[in-house]
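This document starts with one chain, in the form predicted on its own, laid out as structure tokens.
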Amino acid sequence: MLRVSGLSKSFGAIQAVKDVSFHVEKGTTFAFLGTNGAGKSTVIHMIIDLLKPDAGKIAFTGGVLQEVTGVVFQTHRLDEELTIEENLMIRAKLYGIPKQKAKQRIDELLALTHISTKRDRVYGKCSGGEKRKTDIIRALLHRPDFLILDEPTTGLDAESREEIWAFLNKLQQDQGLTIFLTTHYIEEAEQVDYVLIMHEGKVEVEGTPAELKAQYTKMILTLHTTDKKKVADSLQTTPYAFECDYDKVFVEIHKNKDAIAILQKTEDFIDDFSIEETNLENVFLEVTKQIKTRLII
């Protein structure tokens, strides 16, 4: 649905985006991740034509970009003094939606987000979750095919985040909506279709969550012991790399089943054990160089 090729953008001597290329398939959820200052927002602003790129192309195959795209920005953009419904009716008018159809669409979306009873609440007095739901409704009024969510759940409690994602997932399932997501909550990207991670203006890695976890993270078996020397001696004859740290020994394994042989060899010298499962946050931290690779003995 969207293809970005060789996108670059500089602000004076600072090159914020460096030759970025990717594509987004119709009906999928695409997670666009990166550290603060990685260039994510700059790319989004170029996609929605708020910034002009210095180089590169943006091709959108779903129609006129502005007509079929909804955008939820990081910060709230609605009038603090108006009610939820008043804000939405004004935005619907800006989209050119007739008044009766706008009322029907707003009723539908308020019901889906479970805030119908809050329609007369002044937006400025709403909770963070209510504001964010209203922001998303505003972006969906004109029935877009492509929804850009720029850190939509930042600052929200776990329950509000879960409610918003339940709504978005239902919307995508029912309407085939394509979602382009940036988020600081890496766990939100665990269930998406495709992930791209930027760092310092460049694309560092991309793939499905499963592909990235398989490629970039390792499973760690942690052995709790009062005699790490004996544990280390027992592990010397195994093919597994390990390291010792105080009362723990960390063993790098490929799959859970590998732990059986290790536990059998070390059972006389350990008190407990645990296995750290791979997750996308570990991939993100490693790719963006926020953690150091383990020093393996």
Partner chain sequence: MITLIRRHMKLFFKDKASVFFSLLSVFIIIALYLLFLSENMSSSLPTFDQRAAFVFLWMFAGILAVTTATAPLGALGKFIEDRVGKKSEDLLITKIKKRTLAYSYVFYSFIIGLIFTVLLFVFGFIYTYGKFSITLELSFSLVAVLVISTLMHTLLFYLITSSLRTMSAFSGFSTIVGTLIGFLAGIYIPIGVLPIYLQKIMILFPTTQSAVLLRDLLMTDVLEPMKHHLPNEAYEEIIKTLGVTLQWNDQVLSNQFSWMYLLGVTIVLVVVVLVRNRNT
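Numbering follows the first chain given and starts at 1. Small disclaimer: the values here were computed from a predicted structure and weren't measured.
What comes next is about the form predicted together with its partner chain, which does not appear here.
Look at the stretches 124-132, 76-84, 182-190, 153-161 and give the one with heavy atoms within 4.5 Å of its partner chain in the predicted complex.
Result for this chain: 76-84.
Is there any non-hydrogen atom of residue 210 lying within 4.5 Å of its partner chain in the predicted complex?
No, no contact at 4.5 Å.
So, in the predicted complex, is residue 203 in contact with its partner chain at a 4.5 angstroms heavy atom limit?
No, residue 203 sits far enough from its partner chain in the predicted complex that none of its heavy atoms falls within 4.5 Å.
Look up in the predicted complex whether residue 59 has a non-hydrogen atom within 4.5 angstroms of its partner chain, and give yes or no.
The answer is no: residue 59 has no heavy atom within 4.5 Å of its partner chain.
Are any of the heavy atoms in residue 214 no more than 4.5 Å from a heavy atom of its partner chain in the predicted complex?
No, no contact at 4.5 Å.
Quick check on this chain: which one of 109, 177, 71, 102 has a heavy atom within 4.5 Å of its partner chain in the predicted complex?
After the contact test, the surviving option is 71.
So which of 48, 261, 244, 241 reaches within 4.5 angstroms of its partner chain in the predicted complex, heavy atom to heavy atom?
Exactly one residue meets the criterion: 48.
Do any residues of 132-164 have a non-hydrogen atom within 4.5 angstroms of its partner chain in the predicted complex? If so, which ones, in sequence order?
Sequence-ordered list has one entry, 138.
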